[in-house]
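A lone chain, given as structure tokens: the form predicted on its own.
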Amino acid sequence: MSDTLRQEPTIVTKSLAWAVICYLVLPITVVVSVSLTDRPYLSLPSEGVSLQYYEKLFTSSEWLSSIWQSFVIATVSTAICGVLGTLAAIGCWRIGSGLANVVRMAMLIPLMLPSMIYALGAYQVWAGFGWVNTYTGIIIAHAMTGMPYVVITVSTSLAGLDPKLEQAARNLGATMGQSLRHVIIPNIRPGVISGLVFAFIHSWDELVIALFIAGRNVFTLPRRMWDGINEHLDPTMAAVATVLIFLTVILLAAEFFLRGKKR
């Protein structure tokens, strides 16, 4: 009897958890259904499913150009914030004092501020450097806002790393670069990979900064979708959203796989 009473809350908790998950996933199923519509506007399929908007997505020069631009910007910005964020987290870990906490908090400011405020400030600064409507400007902005993700995940991995491992490597004659490459980085690789995945997704999906900094020369995919919503409700946007959902799931699955493989 007592065992049954102890199991009932577990069953109820699991049921509530699955109910919440289904509730959160429900809008995604609607987006996928709308992407298969046979109508010329955003709606559920009427007479049957159609792949015409997926065909339009992968044959339209405008959509393909925006996809390519977003991919290049996300890749370069992720590489920048991956290197800088990892080095910053390692530096704070080595300092290990109140100053390190201050540095971490300062690096998390882009994540804590509302995107609108940060984008407005970035526009004012970037205009002075002539970086508005340039790849340089938006890549640097995305790297700065993506760096907190790398700092958080790498710092979490470093929290479980024994500093004596690095000390032993240095005592055996390893240089700082060698201890970094052969001791520290291999032990925090899961955190680095997680940070890179989140930074890439953030850059790929970022809209507010693109609206302020990017012009006609730099037209990212989120901005193309935004303009599509404002100008005409093209169902191609639902097809784009569906593709992005599947890409995000694939990236997260790859990240979990690599973390599990590391363990």
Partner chain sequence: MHANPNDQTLSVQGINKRYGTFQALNDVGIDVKRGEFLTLLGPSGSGKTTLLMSVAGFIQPDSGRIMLGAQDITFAAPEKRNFGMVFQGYALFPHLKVRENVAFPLKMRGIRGAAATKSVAEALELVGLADKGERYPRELSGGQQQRVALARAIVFQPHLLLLDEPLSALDTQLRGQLQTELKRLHRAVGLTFIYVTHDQGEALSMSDRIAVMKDGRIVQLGAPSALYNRPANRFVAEFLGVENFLPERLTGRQGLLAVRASALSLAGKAGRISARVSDLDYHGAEIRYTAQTECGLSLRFNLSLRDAAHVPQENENVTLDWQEKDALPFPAA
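Positions refer to the first chain, counted from 1. What you see is a predicted model, and the numbers here were worked out from it, not measured in a lab.
From this point on, the text means the form predicted together with its partner chain, which you will not see here.
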item: Listed residue (176, 120, 108, 83) with a non-hydrogen atom within 4.5 angstroms of its partner chain in the model of the complex; value: 176
item: Listed residue that, although its partner chain is not shown, lies within 4.5 Å of it in the model of the complex (heavy atoms), from 156, 75, 115, 167; value: 167
item: Proximity to its partner chain in the model of the complex (heavy atom, within 4.5 Å), stretch among 179 to 187, 83 to 91, 142 to 150, 123 to 131; value: 179 to 187
item: Exercise: residue 99 in contact with its partner chain in the model of the complex, heavy atom 4.5 Å; value: no
